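Quick setup: the structure tokens below cover two forms of a single protein chain, split into structure 1 and structure 2.
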Structure 1
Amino acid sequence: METVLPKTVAETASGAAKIAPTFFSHASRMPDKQAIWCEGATATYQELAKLVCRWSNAMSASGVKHGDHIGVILPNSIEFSALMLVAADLGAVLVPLNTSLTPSAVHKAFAAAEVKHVVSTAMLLKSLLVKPATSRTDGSGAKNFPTPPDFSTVSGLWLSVDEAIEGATLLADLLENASPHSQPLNAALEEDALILTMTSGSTGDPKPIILTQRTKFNRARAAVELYDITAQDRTLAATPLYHSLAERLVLIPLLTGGTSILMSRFSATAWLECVHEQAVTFTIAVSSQLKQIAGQLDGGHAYDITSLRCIVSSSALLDPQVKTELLAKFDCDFHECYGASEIAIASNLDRVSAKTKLRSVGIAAPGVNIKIIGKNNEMVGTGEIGEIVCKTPMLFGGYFKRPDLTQAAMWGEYFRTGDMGRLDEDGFLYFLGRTKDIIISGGINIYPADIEAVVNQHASVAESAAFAFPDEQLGEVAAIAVVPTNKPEFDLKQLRFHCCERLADFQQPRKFFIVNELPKNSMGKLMKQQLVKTYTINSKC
């Protein structure tokens, strides 16, 4: 059934950067090929295409319009992957959120992204559909115990993909509203937004990143060209689908006629088992995952992972020692990439270059221009240190309804990464640190302001500052320095329970430093770098 397949995404779509038509063209040419596997469930191209068509038609019939924003709180699943294609067909915009966010953080994110409809599981919807009650206290010293937020402004479709729940429509019932023979709506344009990625969960100032259909398509295309991906590849996604990396890893195979292998949760053992059983050939993994996997490879294992032809390390940089270890342990093509949510891949270091440029993050990816600018916003010379800026076809579509922030993030056509670096005489980029106040833990961005806002709510806290703390397994974890209002009576356990109630999994501070005061300059401005230096060296807590 399978025909000769084009090598690049560009060829599959006759140059048009449209996601749904490209997927449907593969489905019509090779209906019986396996399109996706997720934890034992599987779908052929024909089965997936039928689900997508029926779902987008049913959504449209239920009032979901082109341009509408759909909040998505789903675990990795075939349904989540299908929903990306539904949105691409319908011209709707997905707002995927971390499944561990608290209801109030979900509420803020929905408000910031102007969400009209919600797709989730019955279990997760249950916590959102609790009716708001009057304010109460939990006796823990919190100034305000969180009251269930009012989601009545999210007035469109509430959809449960698995079980029936009061207040939501069951996906199986929704699909009954459309013919099993539904055709694609093909209602989207290349410049339509497809995904709004949240950059901040619970503060008053989230900055949703717009990723258009064209951006998503170009990002998949760049990966295809950079890593020689073909229709024969079985591409593994082992990070959550609310994260743009996993979205790309699912779209790459579905846009190239390959097979998507989707893990619903990660552990090093489960990853090895999955690669072995599903004969995975390609993946981009978060560097902290690769470190854990490399640890498993130490003691000998029963898994045959020789199907792997290419692995890419992403999200946080590898230190040279770990890089050397991984190159030795993975007997396949190995790349390390550097990038950011707003630009995807900026640079690539391959196995050959790693031999002589181990400490670099590689050269600019195809189609990408990298420059270094100094404090006066002018380009600096070769070898000089400055801010890394990138011009790329993978550029985001701006921050949603924040043209001021979008403009501030640009240097002409170049995106300002906020990262410090230098370029050597051969054009290799060296990453030298971040200037943005952000913690990257297991590939997930954590915003210190989100944590500080919650900790500062507690009656026993005068002020606090969250910062990145080095971690063997996750690269970095969140640490926080706390100035108590009354140190002798301060109860850390109560503060931790307070954080547990109000922050998501990934935002929980792992290290607490109880201090008399925070380091500030003569103007009273917090000197976070000094805090980091002091406490990451003296790591007792």
Structure 2
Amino acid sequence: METVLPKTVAETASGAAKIAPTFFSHASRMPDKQAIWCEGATATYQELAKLVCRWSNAMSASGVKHGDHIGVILPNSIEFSALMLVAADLGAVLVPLNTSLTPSAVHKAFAAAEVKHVVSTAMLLKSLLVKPATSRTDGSGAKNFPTPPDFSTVSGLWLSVDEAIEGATLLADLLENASPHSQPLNAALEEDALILTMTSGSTGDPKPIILTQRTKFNRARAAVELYDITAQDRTLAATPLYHSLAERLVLIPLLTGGTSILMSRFSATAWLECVHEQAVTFTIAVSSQLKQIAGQLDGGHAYDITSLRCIVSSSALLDPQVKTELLAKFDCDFHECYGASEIAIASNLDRVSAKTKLRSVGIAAPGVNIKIIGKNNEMVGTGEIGEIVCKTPMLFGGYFKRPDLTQAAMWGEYFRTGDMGRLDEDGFLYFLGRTKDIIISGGINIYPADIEAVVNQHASVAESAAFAFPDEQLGEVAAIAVVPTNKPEFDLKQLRFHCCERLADFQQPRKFFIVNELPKNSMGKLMKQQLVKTYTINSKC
């Protein structure tokens, strides 16, 4: 069965980039085909379409209007997936958040995104619906407990998907208000925001990223073309749905007539079992997941993953050694991509190119233009290091109500990634780390990726992260946090000798911190600034 996704950006711009109608067209043509599976729960296209239509109509009848912002705090589920289609039909805007955020962090994010309605589980809603105390003192007049955040500004619908609680409407009751024969509202426009995805989360100032229907559609179309996705594919999403990668992986099959396979949470064993049991053919996985999967494949258990047609590594640089292992262990098309939430996929490294360009993250994806700019904001020459900037049809719609941040993030029509890299003579991109992570020692730029590549080559190291450490003479020196493969037998002297042989003097780590694990977020991305905060305060080595 052929995909109905438009094949060119021009076609998309001419009126095809509407998510809900595309999904409903599949539901009318193949009602009994499995649309989605999530941890044993399933829905056919017809069942999912009926749920979406009833939910969309019921939300509209309950006062949810075109353009309203809906805060979503849900685990991966069929309900979360359906809600994306509901928003696409209503013309509403979803603001998905990490389920582990504190009420204060949720409050901050809701305020930044102007959330009016909330959809969550009963357990999570209870923590948000606590009324602020008028006085909480220890008798002396001083506050003894922090005051819960006031969510009274979220004045619309509070919806619980699983259990009835005071102050919220139960989804099952809401759906009773809509006819089982409800029809699509088709109220959304291509330019409407569909998702406001957050950066900064619980730390710093939340920056909602605007992703419109057109952008989401373009990103799905780009993946379809790049990875040859068809209606026969069973696409696995194993990362949290509050992140744009998982959202894309759920939407791709629903927009191509395929089947979405959704894991509630990731473990290497569960991933391998899911691939086998659900006959997964395509997925994009974060690099930290693939490293765990590669290790599990060495565990002696025979996993049948022959259904896999194509797998893509995303979200963080894949260690060259792990990349080599994966190329050997996965007998399927293998890719590595580079990108960001604001631009989606920017570059692609395929299996063939990886043989000669192993340390690169590939060439620009179709329709994408990548350049490197220097400190003076002018393009640098081939092989020279600078900031990676990208021009792409998959560009975000800006930061919500932050034109200052949006303007600062652009170099003309190019998005400034904040990442350092270089392009070789063949146009292959090499990622060297975040601009803010560059170590400047005595006026010399040191790129953490260069140090990490050498340290990770040592057999005693599972993974590492280099970062800047304050120094009175040089301003900064290189420090490195190391996770040993076997901590009791780890020999730091051997690792120091290994570094001395392979790194220039200015690149040598001056501080070594032996840790059990590196701080990472739920997407497996390294939180390097957490290392800086932890170890620059306590300078003991």
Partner chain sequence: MQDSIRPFVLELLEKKSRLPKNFDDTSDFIKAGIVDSMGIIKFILELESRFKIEITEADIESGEFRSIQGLVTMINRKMATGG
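Reference numbering: structure 1, starting with residue 1. Since this is a predicted model, take the numbers as computed values, not measurements. We call the rigid core whatever largest set of C-alpha positions still superposes within 1.5 Å between the two forms.
Novice: Eyeball the pair and call it: which is the form predicted together with the partner chain?
Specialist: The form predicted together with the partner chain is the one given as structure 1; the other form is structure 2.
Novice: Would you say residue 502 moves its Cα by 2 Å or more between structures 1 and 2, aligning on the core?
Specialist: Passes the 2 Å threshold, so yes.
Novice: Hey, does residue 427 budge by 2 Å or more at the Cα between structures 1 and 2 once the core is superposed?
Specialist: Not so; residue 427 is displaced by less than 2 Å.
Novice: Roughly speaking in whole degrees, what is the angle the smaller rigid part turns by between structures 1 and 2?
Specialist: Smaller part versus larger part, rotation angle: 150 degrees.
Novice: What Cα shift, in Å, does residue 474 show between structures 1 and 2 once the core is superposed?
Specialist: With the cores aligned, its C-alpha sits 30.6 Å away.
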